[in-house]
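Below sits a lone chain in structure tokens, taken as the form predicted alone.
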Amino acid sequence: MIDLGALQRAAQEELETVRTNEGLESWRIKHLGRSAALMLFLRELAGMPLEQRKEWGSKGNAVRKELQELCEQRVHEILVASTTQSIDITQPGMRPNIGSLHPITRVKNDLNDAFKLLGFEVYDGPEISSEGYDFDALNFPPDHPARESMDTYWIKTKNSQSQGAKKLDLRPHLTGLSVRYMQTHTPPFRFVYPGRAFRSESTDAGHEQTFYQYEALVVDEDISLSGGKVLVYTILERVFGKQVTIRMRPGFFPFVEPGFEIDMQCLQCGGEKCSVCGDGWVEMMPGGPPHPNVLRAGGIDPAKWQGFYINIGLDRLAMMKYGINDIRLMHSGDLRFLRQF
């Protein structure tokens, strides 16, 4: 048998002299570690008669519990002492090392603020969508190439012959969300819906497989093309803090009629051509009035209501604002890139 009382007193006296975390760890190993006299004694109890095992086991565990509580208390005391001694309240404060917002998030927040001031609602929807919303309801013909697997990520289901609402995909654009919104709201309305989209395509400095879009839709009884153009100017001026040069070219998109390609002059090169733009212009968004078939899919009478779509490429907008010359950096997770913002 060992003298548990003497062992406990010796450990307590030694603990009172400990002033550092390193010293405390050495004390813990010596008195509570696997090779400590107390721990060896408790393991040897297994070979004692039952009555002795109960008596000495109770005493030994009580000593161990007391030493553990003293050790935890000493940890707190050392922490308080070190904190008190290391802080000089006369010295200037230290800037906390915190994270920052991703450039795409910054631009999205700028756009949210701008559209909210214009009375728009911010809407959200699922990233897993369907052929019904992303193509059928948007007036895409059955043989449109965007429906092919070379452009769209289709999700395998038990029934490989599924079509329409049962044929699932990773949304290749956000425009299907506008139909979801129209089906559950009564015009007039104006709303925006930012989010991530996925497209099966080759990547380069200006194209990525995963990217962010920011779409807006206004539906009212009287919406003009000039009003839509003013809206584009207003939003871009809010984001960049200055007027930017844009152009609207005729373009075909199944969900708008007539359709427009809306480009802005590249701010990277000032229109002089670079790896981002290629020809001095950056394709920012398609736009135009919703096609009557799209309004019908949303449960809205095209004979009474008109609208205007804006479909903004959020990644490219962030590239123009912050001078980023490769869209692939946006989703690289490279801390050297992210720490610049």
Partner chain sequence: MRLSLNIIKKYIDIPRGITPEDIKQSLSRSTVEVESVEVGESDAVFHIDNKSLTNRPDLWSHYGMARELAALYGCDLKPFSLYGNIGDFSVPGDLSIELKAGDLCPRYIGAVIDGITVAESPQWLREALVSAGIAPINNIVDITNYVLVEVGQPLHAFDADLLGKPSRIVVRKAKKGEVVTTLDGVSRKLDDNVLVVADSVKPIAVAGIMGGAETGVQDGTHAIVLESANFSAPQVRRASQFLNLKTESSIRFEKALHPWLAEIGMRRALQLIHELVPGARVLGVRDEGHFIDKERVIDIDHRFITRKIGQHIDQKRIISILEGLGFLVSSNQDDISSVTVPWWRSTGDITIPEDLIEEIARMYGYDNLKPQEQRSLLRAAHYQIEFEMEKRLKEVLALGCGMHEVLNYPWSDAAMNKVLGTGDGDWAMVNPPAPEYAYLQTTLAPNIMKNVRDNVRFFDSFALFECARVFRQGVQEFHGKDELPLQPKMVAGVAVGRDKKVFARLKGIIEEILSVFRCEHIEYLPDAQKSFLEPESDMRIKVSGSEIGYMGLVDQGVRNTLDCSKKQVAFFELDYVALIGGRTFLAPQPFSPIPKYPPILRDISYFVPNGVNADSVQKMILGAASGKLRRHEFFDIYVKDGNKSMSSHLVFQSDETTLTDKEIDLEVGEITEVLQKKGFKIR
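Throughout, rigid core stands for the largest set of C-alpha atoms superposing within 1.5 Å between the two forms. On a predicted model such as this, the values are computed, not experimentally measured, just so you know. Numbering follows the first chain given and starts at 1.
One more form of this protein should be noted, the form predicted together with its partner chain, which is absent from this view; the next part is about it.
Between the options D204, E72, E237, D113, the residue in contact with its partner chain in the predicted bound form by a heavy atom within 4.5 angstroms is D113. The closest non-hydrogen atom of S162 lies beyond 4.5 Å of its partner chain in the predicted bound form. Although the partner is absent here, A303 lies within 4.5 Å of its partner chain in the predicted bound form, judged by heavy atoms. Although the partner is absent from this view, K108 contacts its partner chain in the predicted bound form, with a non-hydrogen atom inside 4.5 angstroms.
Not displayed here, its partner chain is kept clear of I89 by more than 4.5 Å at the level of heavy atoms in the predicted bound form. If you take 212-234 and check each residue for a heavy atom within 4.5 Å of its partner chain in the predicted bound form, you get Y212, D220, E221, D222, I223, S224, L225, S226, G227, K229, V230, Y233, in sequence order. Core-superposed comparison between this form and the one not shown: the CA of G299 stays below a 2 Å shift.
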